[in-house]
Every structure is written in structure tokens, then in C-alpha cells.
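Starting off, we have a lone chain in the form predicted on its own, written out as C-alpha cells.
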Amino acid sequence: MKQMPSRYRARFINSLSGFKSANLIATQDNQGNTNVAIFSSIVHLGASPALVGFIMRPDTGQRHTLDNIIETQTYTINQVSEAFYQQAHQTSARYSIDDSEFDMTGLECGYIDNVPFVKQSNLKYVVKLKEIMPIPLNNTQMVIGEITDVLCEESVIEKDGYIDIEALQTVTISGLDSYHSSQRLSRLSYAKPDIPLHEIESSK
């Protein structure tokens, strides 16, 4: 793999992990300048407390998202849906610090407790920064935050707390630039070690 051209290798390695979540992280600085950028590295870290993390790339001198998070300690994570995935992808362009991706891509900005979010997103949540963990192996950082507020249609939240993200037309990403809709196969019951093999196989 080390012999591969750099861009080819980046696409190849990014494809290995399969489908990833598509989310926009919205931030602003203390002067009110907004920023929104797409991330495919959002990961659940725990439910109590409600923690999520994402990976920040190595420092290139222009990391508006991280700078804003450090400055204000808050941000929102906004799921991407079919209606605006192309605009979401465009936020990955390297706009200058003076150009808000909201303005440049046509995404609409709303606020909750003075924290910006993406109005088009059907599921978004406010996050408070808790920790930034450096990863020396490749000079990236794991940014960890605690979810404080969630904005979502109650109609897609089932009685057991499950959120039907397909009903929200949430999209997923493979590689760096391939977007997909999904089709649920089924929801399975809680896995227990005493379930007979024939019952597991019959559920296929």
C-alpha cells in the first residue's frame, strides 16, 4: 500500500471501513462567525453520560471547526439527509475563515442557546466539549463531547427509545465522496448466549 499514489491510497483506505455516518458539525467563534463542515467520523462513546467523539485531522493551519470548539466549548452535530447531501458535501471545500459555509452552500443556520445548527437537518444535537485526546501515531485528535440537547421529530422515536433514522431519510458515506441511502433488514432482539443455533439461523 505504501507504493500507491497518495490520493489513490487515501480513497482506498477510507473505503475499507465501509459505511460511515454523514454529519455536519456547526460552530461559531466568540464574534459570531459561523462555520459548518461535514464529518464521517462521529462515534458513540457512551450513553450515561451521553458522549460522542469525532476525529480531527492533523493541523494544517486551517481548522476552523476545532478552533471554534475550543473557543466556545460548544457545537452541534447535524445528521445529513437526502434533501441536502450535495450541499453538505460542498462544506468540505477549503473556504477562507471569512466565508461561512452556511452562506457559501445555501445551508440554513438556526440557533439553540446561541449555538448554531443546520435547519435542514432532521436530527441534530448540542454538544459540550469535554476532552481533546491527541493521537500521536498520526497527529490527529479525538474530540469528545457530551450531548446536552436533542432536536428530533417525536414521531420517529419508538417506544423503546430507538430513533428510526431511515424515516428521516438519513444518508451514509462510503469512502470519501460516495453517498448512500439505506434499507433496514430488521431489528433483532437482545442477543443472549442461551439462544439455540437453529433459532439464530431461522432469523436470516
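When you see a residue number, it is the position in the sequence shown, counting from 1. For clarity, every value in this text was computed on a predicted model and none was experimentally measured.
Below: the form predicted in complex with another copy of the chain, not depicted.
Contact with another copy of the chain in the predicted complex, judged by any heavy atom within 4.5 Å, is made by just one of Ser92, Asn122, Ser100, Thr72: Ser92. When another copy of the chain is considered in the predicted complex, Ile157 lines it closely, a heavy atom lying within 4.5 Å. Residue contact with another copy of the chain in the predicted complex: Gly32 places no heavy atom within 4.5 Å of it. Glu131 belongs to the set of residues with a heavy atom inside 4.5 Å of another copy of the chain in the predicted complex. Contact check for Arg57: a non-hydrogen atom falls within 4.5 Å of another copy of the chain in the predicted complex.
Of the residues in 1-38, those that come within 4.5 Å of another copy of the chain in the predicted complex through at least one heavy atom are, in sequence order, Met1, Arg7, Tyr8, Arg9, Ala10, Arg11, Phe12, Ile13, Asn14, Ser15, Leu16, Ser17, Gly18, Phe19, Lys20, Ser21, Asn23.
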